[in-house]
Every structure is written in C-alpha cells, then in structure tokens.
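Listed next as structure tokens is one chain, alone, in the form predicted alone.
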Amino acid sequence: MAVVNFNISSEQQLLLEEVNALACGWMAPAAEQSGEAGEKLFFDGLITSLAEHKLLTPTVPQHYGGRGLGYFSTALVLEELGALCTSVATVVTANIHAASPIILAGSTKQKETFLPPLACGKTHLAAFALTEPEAGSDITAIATKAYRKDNQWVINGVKEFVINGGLAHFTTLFATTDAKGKRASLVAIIIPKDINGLKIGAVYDKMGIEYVRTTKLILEDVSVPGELAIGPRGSAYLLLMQTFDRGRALAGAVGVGLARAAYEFALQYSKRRHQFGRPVFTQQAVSFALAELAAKIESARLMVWKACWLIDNDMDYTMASSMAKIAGSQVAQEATAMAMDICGGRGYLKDWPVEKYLRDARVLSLIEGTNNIQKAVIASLL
C-alpha cells in the first residue's frame, strides 16, 4: 500500500523554481494587462513562454514529447500560475482537460497525432466541449447528436462556454448517439480545427478571467473520420467522469494560488499601511483575520495535494477531488474579499490587483461543475 508523502522532491523544487522564474519575469506585467485586452483580443504572447517550456500541457507523457508530469507536480505548477494570473492557469487547465481523454483512452494513432503538438515548444491550444444551452452537469440532457455515415461521424449541435474556442487546434467534444440521452450513448470525438461545418459563435464577455477566450461552437453536419472517436463504444461517460474528477483537483490548485496571491498582497499592505500611528497589521482584527486565512489556504492546499496524490497512485479520488475543488474555490473567494477589505478603498481601484483577484475568484465555484454539484457528488458517496 502506498504511503502518503507530500515531501517536495528535488525535481519538483527545480520545477517550482523554473515556473517562478517565468512568472516573475516578463509574464507578470503582461498578466496585469491581460484583463484590459480581454478575450476578444487574445494574444498568445502570455502563454508562449509556457509552451516553450512544455508547460502549456504538462501532463503529456514523455513518450509523446511532453513533461509527463503527474497530477501532484501539475498542481504545484498550477498554484504558481494561479498566483500569477488566474486566466493563464485556466488556459493551461483547458489544455489538460482536452488532452486527458486522449491520454486515458485514446488509440495509439490519436496519441501520436494530437499529443506531440501540445508539447512541441510552440503555442498549441486545445478545447473541451461539453456544456450546451440546455445541458450542463445534466449529461443526459445533451442534445448534440452524432451518427455514423459510412466510415464517418457526422455531428450537429451547439456547445457553450468553450475555453480556447476558435483558437484550439483540436476540440475534444462529447455528443450523444441516442435521442433519449442515455449515458451509454455518449461518445467522445476529436474535432480538428478548420473542419467544414464548425463555426465560432458568440465570444462571451465575462466578469473575470478576461484573457480566457470563451466561445460558443456551432456544428452543422461536421464530418470526421470514425477513427477520431475516443475509447470503446459505450465508455465515454466513464471517460468523462474520470476527466472531470482529475480536472476538479487542478481547479482547486488554481484557487489556492489565487488565494495565496491575495493573502500575500493584503499581508504586505497591512504592514506598510499606518493608521493611528502604527501598522494596521498590529490591529488584532487584521492580524487574526490574516492568520485564519493562512490556515485555510494551507488546509485547501493539503486537500488538493491529497486528491492529486490519490490520482497519481491510481486510487479512488472522486470524493477527494470534489472536496479539493470546493476548498480551493471557497478560500480564493474568501481571500480576495478579505484582501479588498484590508486594502480599503484602494483595493477597489482598477490599477490595484485586488479587484481583478476578486472578479477572477468568482468563477472558480462555477467551473468544472458548480460547488453544489461537488456537494452532490460527495453526498452520493457518504
């Protein structure tokens, strides 16, 4: 039986130093400007360095040219990126999400075709398309239809909230082959970029994570080779759940990173800011609030690490991943709100990072299945 071990190895320490060097270099000022650019003006410069260091999809196995990072190591990376810029971390998690079904159940040809470009050193994005106008967490409501015609899959439907939509070199898409929406009828299909019938719909204007280009995708008689279906017939639902469970732990890591950034900013500000002749940090109301927050961040981090450790050791990680996602997203929202309170009116200003932290944090309880869905998952396993 594997023994729990959260010691950071020398390789992981070097990885952290590498990511920190990138984050503290030119990426930091570029990240500050990313909100102003918005998703309609997506520029790949911010993620180019990550691509050059094979960190844009760090889970791609070494056999296919990638880093081959486990989920624990990936969580370390995403905490650092979450502290730098939630948008950048979200783009990376989207790439990981799209690649995950291929890594888990793709054919040799699919892996040889679609994984190496994600780790080739150049900016290569991927997308994951599941949500629809009438289907979110309710998988049985999926209306995007796929049917076989000769040796092709023909797909029709609409997908919403597709991160990297219109930019991705391929999209991992879930559709149904049965009008009744049975779980066994679900099919996962790789949709290459620029294929006939694939159209980009609305580009969403969001409250936060503006750098993340999020679109609607419209599929009208999109025809792809039958060999682009992932996994055996009838296995797509299980594949989807495995992908979700892994992604939720990583979403928790992003939340921990954002919480840490807000906490560290508020802590430093409270030590600089003087009121009534002394730093506001010396006010017990402020120092105790920050002490509680430090404990909650550490607690959420350990929950993320546990979930990722379970994934890496091929153990049951469903409940742990949902708990990690809740913990990471909640502590991010609490930390960013508290940071704004401690910074007072200055925290509300656009040229201070706190207001961006607060807006970005709000999405974390919504993505990868809302936190209420995570509670339903946990409750089903009690």
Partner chain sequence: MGYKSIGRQLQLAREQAGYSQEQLAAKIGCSQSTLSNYEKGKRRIYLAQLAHIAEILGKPIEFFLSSSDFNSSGLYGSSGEKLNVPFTGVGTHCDVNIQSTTVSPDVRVALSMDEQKLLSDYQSLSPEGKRLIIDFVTWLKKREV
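No experiment lies behind these values; they were computed from the predicted model shown. Residue numbers count along the first chain shown, from 1.
Separately, the form predicted in complex with the partner chain exists; it is not shown, and the next lines address it.
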Which one, 298 to 306, 163 to 171, 237 to 245, 115 to 123, holds residues whose non-hydrogen atoms are within 4.5 Å of the partner chain in the predicted bound form?
237 to 245
Each of 19, 23 and 347 near the partner chain in the predicted bound form, meaning some heavy atom within 4.5 Å?
no
Residue 229 within 4.5 Å of the partner chain in the predicted bound form, heavy atoms:
yes
4.5 Å heavy atom contact, residue 312 and the partner chain in the predicted bound form
no
Quick check on residue 279: any heavy atom within 4.5 Å of the partner chain in the predicted bound form?
no
Touches the partner chain in the predicted bound form: residue 88 (any heavy atom, 4.5 Å)
no
Go through 138, 292, 205, 221 and name the one with a heavy atom inside 4.5 Å of the partner chain in the predicted bound form.
138
Can you pick out, from 214, 144, 185, 73, the residue that has a heavy atom within 4.5 Å of the partner chain in the predicted bound form?
185
For the stretch 343 to 380, which residues lie within 4.5 Å of the partner chain in the predicted bound form by non-hydrogen atom distance?
368, 369, 373, 376, 377, 380
